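Here you get one chain, nothing else, as structure tokens; it is the form predicted alone.
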């Protein structure tokens, strides 16, 4: 029996990295074997690509270069981690996936949706998450949290307008695919967000 693929999405500062643990804990308590991973990253090669993408010390890269690096890391991630885990009956919980590409490289950077779709078809061969939990908060709230952590990476130091476009893209994708997405208010305290995630997860996976 194949496992299920669950992704968490949202802009910087909404608490995805914290809440991935709550999602995995809920699934394990329900008796599922769980693999927790992230994008970009998840493999040795993918983590190297992630470091390049986040490195503020590097010269600015072309938006298309950024997009191709994201999908190169994703191809490796799918081959080495995600597909094998699903085939083994494990549940995969991933901190970001292709919705982030549409939001960041599409909405944020302004790249053509058609270009992203072509790469999605090539790399994913139809694979989509079974459930996407979109953690959502106003840009000023999320960025305030992210920047309180200290000096940010190449994305975290972008202007608020960049993240407003990303948030709008996420919400538009959620509205277009309500069967897959669950929008979670990420503004409250982390324990309240965790509780909301657990409720949404249990309802969706009944």
Ligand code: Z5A
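Numbering follows the first chain given and starts at 1. Because the structure is predicted, anything quoted here is derived from the model rather than measured.
There is also a form predicted in complex with this ligand; it is not shown, and the following applies to it.
Here is the short version: of 173, 180, 165, 50, the single residue with a heavy atom within 4.5 Å of this ligand in the model of the complex is 50. With a 4.5 Å cutoff on heavy atoms, residue 100 counts as touching this ligand in the model of the complex. In the model of the complex, residue 27 stays away from this ligand, with no heavy atom inside 4.5 Å. Among residues of the shown chain, residue 193 is one whose heavy atoms approach this ligand to within 4.5 Å in the model of the complex. Looking at residue 104, you'd find a heavy atom of it within 4.5 angstroms of this ligand in the model of the complex. For the partner-free chain shown, 11, 12, 13, 14, 15, 16, 17, 18 of 4 to 35 come within 4.5 angstroms of this ligand in the model of the complex, judged by any non-hydrogen atom.
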